[in-house]
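As structure tokens, one chain now follows by itself in the form predicted on its own.
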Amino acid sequence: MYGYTGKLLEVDLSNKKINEIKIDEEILKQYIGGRGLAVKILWDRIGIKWDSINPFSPENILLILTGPLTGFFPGGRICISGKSPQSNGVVGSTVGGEFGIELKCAGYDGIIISGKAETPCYIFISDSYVEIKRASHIWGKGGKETLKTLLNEGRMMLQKNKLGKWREPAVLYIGPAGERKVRLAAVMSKLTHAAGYGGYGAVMGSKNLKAILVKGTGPLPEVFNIEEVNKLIKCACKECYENQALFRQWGTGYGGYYFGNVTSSEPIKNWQEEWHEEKSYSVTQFERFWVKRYWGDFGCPTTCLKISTFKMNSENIVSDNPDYELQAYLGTNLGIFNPVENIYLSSLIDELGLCGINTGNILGFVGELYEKGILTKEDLDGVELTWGNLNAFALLIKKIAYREDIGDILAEGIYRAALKLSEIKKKDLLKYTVQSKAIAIGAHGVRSGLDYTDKISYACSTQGGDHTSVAKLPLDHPNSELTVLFYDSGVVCWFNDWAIQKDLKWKFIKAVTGWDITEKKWYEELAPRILSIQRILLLIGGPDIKWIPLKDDENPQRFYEPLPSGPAKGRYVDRKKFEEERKEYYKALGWSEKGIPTSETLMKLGLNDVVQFLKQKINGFYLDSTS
């Protein structure tokens, strides 16, 4: 087997058992790694009782997975998955950094974590040495102190194990939000990287798992054709250097102005607007705070990340660019058009271990309810949540992270919070939410038709509102969910593929694994197989929320309202066209008109066991009656 170590590390926190398990090569050929392999493992291990498993119960499995291209394709990422406490389905949530490379060099393709530790702990991995260590001294600490303490302890343990002066281990960790099972909690890496979609920071918290440290001193796994891999790495880097000049200079930090002013697709005040001409929010105003301009993770030629820092009230504020998503959701969506204030909120979010997209999304929702007088100052425990009020939004963020007062309701995420607030206020508040399957819509609107997203992008995605995994036709479109599924399973950075030849990724996987995975095989067999299982697990859902096929494959109501301003004023999602496109999308995937994979499609994909399961029941819809 090439490109893989062939082993997964399995840690049962309840029984303190640590094992290595081998992975069958045929499974890897069909599911590759990362998100694809996560879907397969989850289906095999807990699929049959999926609807009864609480994502916060010890039975849920947390998966930390690499892919065959991790460490070879330029840039480093790791994929985190499990049963999501947001959608109750499966989300493949990736985060940049060296964790995946260290893990492979330690001899593992991934980690399966089950059970729940009695007391707070962290896992330390140094090659084949694995230890579950106490974490009571860092439980409750924010990001900076957690990371500093763990890096020091990691260095000391490496020296104790006589490994000499190695660089510090790679770390995944959670903040106070994850510890309190806030469904918006992210799994953090470094100071500012986050796997935000899915809510897996809360899953770590539910297992009393504060962090995972890994250091590998071995080589990456052997590849099928090392000369070809070296040639492809050089070729990909050269093309990134030549074609990504602007992206290298600004990263996505240019988006705060561009997506508002040029494509009219940026969330403003809970998506009541999507256009602005605030030049105070241009990238030149952000780059004044960049102290590191070209920051990339392992082997990344694009280096799109930046680091911003300044002092505020004697406190050191540190954030990344911020990237576009955080510029939008912790800026314009809250009526904030000041880079200093946006950087401050981004830094606060990282420190508390929250997802900037999902948290900014719910803050905008609450802001609109306050604007409309539905929520009052008394409801918000004294917070005057007017648009652009930095201190008010910062206070609410802290209340969410620590589940204090109204923050305890909001910590349940936008969908569940809207249901609860609807019950309290005795009116439907879901119509003000901008989410899909309880996951915040990414900061790329669909109404103007000028961004890369389409009418069906969020409504039909198996990852809800995830802007990195949008439903799109044709299925082999460079931005489609099936294409991104390759990156998430690979596990590589999508951004580095933008600048290179279309067929380079297929050459890469052939040179690394030796397998003949062609573009045709991916789009017609491998990707549909993974996506079909992911779709079924999403529809099964439970135990607290279940999605109804077709009915819940819907846009937020706001997207059917016309844009109120800008060059795209008056544009909206035409419901009839949306329904036609949704029908086309299902048909292209071989799913029924209700969006359920048909028995014929599943049999063709070799998923006979899934057919047998569907012949029973999912959400009251029998396979035979809906196919």
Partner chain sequence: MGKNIWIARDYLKCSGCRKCEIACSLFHEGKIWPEASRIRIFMLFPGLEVPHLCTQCDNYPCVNSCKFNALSINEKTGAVIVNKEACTACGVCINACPGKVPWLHPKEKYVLICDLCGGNPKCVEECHEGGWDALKIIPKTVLGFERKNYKLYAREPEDVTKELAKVIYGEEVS
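If you're wondering where the values come from, they're calculated on a predicted model, not measured in any experiment. Residue numbers count along the first chain shown, from 1.
Keep in mind that the form predicted together with the partner chain is missing from the display, and what follows is about it.
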| property | result |
| --- | --- |
| Listed residue (144, 181, 403, 133) with a non-hydrogen atom within 4.5 angstroms of the partner chain in the model of the complex | 144 |
| Of 205, 115, 549, 71, the one that lies within 4.5 Å of the partner chain in the model of the complex (heavy atoms) | 71 |
| 4.5 Å heavy atom contact with the partner chain in the model of the complex for all of 9, 29 and 245 | no |
| Residue 129: touches the partner chain in the model of the complex, heavy atom cutoff 4.5 angstroms | no |
| Heavy atom of residue 166 within 4.5 Å of the partner chain in the model of the complex | yes |
| In the model of the complex, residue 216 touching the partner chain (heavy atom, 4.5 Å) | yes |
| Proximity of residue 140 to the partner chain in the model of the complex, heavy atoms at 4.5 Å | no |
| Candidate stretches 511-519, 335-343, 99-107, 492-500 - the one whose heavy atoms come within 4.5 Å of the partner chain in the model of the complex | 99-107 |
| Sequence-ordered residues of 304-333 touching the partner chain in the model of the complex, heavy atom within 4.5 Å | 307, 309, 311, 316, 318 |
